[in-house]
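Just one chain is shown here, as structure tokens, and it is the form predicted alone.
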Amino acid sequence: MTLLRDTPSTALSFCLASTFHLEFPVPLRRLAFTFLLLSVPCLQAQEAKPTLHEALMATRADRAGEPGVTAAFRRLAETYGTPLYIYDQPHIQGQVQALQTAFASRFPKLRILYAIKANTNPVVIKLLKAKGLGAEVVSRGEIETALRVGYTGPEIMFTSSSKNPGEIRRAIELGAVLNVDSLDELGQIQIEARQQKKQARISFRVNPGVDPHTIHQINTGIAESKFGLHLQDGLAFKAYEKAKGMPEIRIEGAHCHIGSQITEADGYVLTARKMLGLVKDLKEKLGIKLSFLDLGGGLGIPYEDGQTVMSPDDLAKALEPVWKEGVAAAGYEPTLWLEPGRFFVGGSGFLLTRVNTVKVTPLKTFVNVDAGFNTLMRPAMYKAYHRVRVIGKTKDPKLVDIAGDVCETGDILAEARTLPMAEAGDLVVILDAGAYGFSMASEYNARPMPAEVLVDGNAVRVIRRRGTYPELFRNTESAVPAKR
């Protein structure tokens, strides 16, 4: 009834009469009731407040100035503090469904894994495991994380270009697939498997020499990359030939990964063609039939408003004819493995920050927030672009830098952005922070780690509590004041 103040006085009288059954003649009451249904706000349903999920979607759609969105983020900030990582559960689940739908209809032998390094929160990993995804890991810590959420060793692929002896030992114990990156590593795996009296399950990571045209630091399939055994000069083929003669080794598959944040299909198509050529050669020349061929992950997401990127359907459609041609030439079909990370979780993430101060200088205006590159590393490390929204503001646009609270000149989260002018106490949200956000965060400058929450509809679940100042000193020797 809050809108009653806006109704004409006559209509208000009819409203009260019809609502509370006052002594008006019946025909008059009926007329009033009809009029109210059509035009009087007092009986029209008030516009429902958006759920938290809807507020996140509205923010992604650049509607962060709406009152309902503002109320939602204020609720989150007041309840859980800032900086705060927020993940949208329906978005994650929708991304998985999109990839599964696109590929399952074209590739009947399909296995999808989640690259855990993108977001290592156990609750997020459980969501993806529940959708049937395996686990691709790059460290002992990620192996233990996968086990903690319920994966078994055979469901894990361990990929790293520099595995230590303890990691090799643990992977063989569990029966995980070791994705071998060098002949040196192969020899170490052979020795450890012999000591354990087991056969180590392996694939080789192959460097196909393909440039997918992504950020240099995440371009992993080019010839100068540190990753994999090169197809060039037959190095990968020779590795398979050597492994075939080792009784401690069981060859399971072949793997490649050409990079991350890839937005066009051409690099994948060329890579698939090269890798399927290797599949054919291994069978014809060495008698090796692979159980799987892993084409990696790296499927990109839009980081800018209006940006169009390749969809899962685009990629599946582009790969399908190459795959069919390649398996026909090889005479058999291995299972296609894929291992995205960012694609599943990146767009689900929002980093909520609070404005500490605004500073105008002769050259720039800095909006200083309570997060920095210790909270979100990507802008400083990769010059990566993230969309930014000032919550509840739509007017007075200014060219500003969103600056972090780390004591470094390079701690700029968003440079030269035209945004509604913020002031101290306002909330600023950084979008697409679900991948390589918290997982790359640190306690640099002695700042505790942020909290993480998961949103589903209007429900919020704390999936990692905020770090504390005493935790900064965990694992250190207690400081005892010297006696004087």
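Residue numbers here begin at 1 and follow the sequence given. In this text, all values refer to a predicted model and were calculated from it rather than measured experimentally.
Although it is not shown, the form predicted together with a small molecule is what the next lines describe.
Q: Check each of K163, R389, R201, R205 and return the one that places a heavy atom within 4.5 angstroms of the small molecule in the predicted bound form.
A: For this set of options, the contacting one is R205.
Q: Could you spot which one of G372, G349, G341, P83 gets a heavy atom to within 4.5 Å of the small molecule in the predicted bound form?
A: When the small molecule is considered in the predicted bound form, the option within 4.5 Å is G341.
Q: State yes only if every one of G253, S291 and L336 has a non-hydrogen atom within 4.5 Å of the small molecule in the predicted bound form; otherwise state no.
A: Heavy-atom distance to the small molecule in the predicted bound form: none of the three under 4.5 Å.
Q: Give a yes or no for Q95: in the predicted bound form, does one of its heavy atoms lie within 4.5 Å of a heavy atom belonging to the small molecule?
A: Taking the distances in the predicted bound form, the answer for Q95 is no, it never comes within 4.5 Å of the small molecule.
Q: Check whether G298 has any heavy atom within 4.5 Å of a heavy atom of the small molecule in the predicted bound form, and answer yes or no.
A: Because a heavy atom of G298 falls inside 4.5 Å of the small molecule in the predicted bound form, the answer is yes.
Q: Does T159 reach the small molecule in the predicted bound form, with heavy atoms at most 4.5 Å apart?
A: Close contact exists here: in the predicted bound form, T159 approaches the small molecule to within 4.5 Å, heavy atoms only.
Q: Within a 4.5 Å heavy atom cut-off, is F438 in contact with the small molecule in the predicted bound form?
A: Judged by the heavy-atom cut-off of 4.5 Å, F438 is well away from the small molecule in the predicted bound form.
Q: For the chain shown here without its partner, which stretch in 85-93, 260-268, 404-412, 186-194 has non-hydrogen atoms within 4.5 angstroms of the small molecule in the predicted bound form?
A: Flagged stretch: 260-268.
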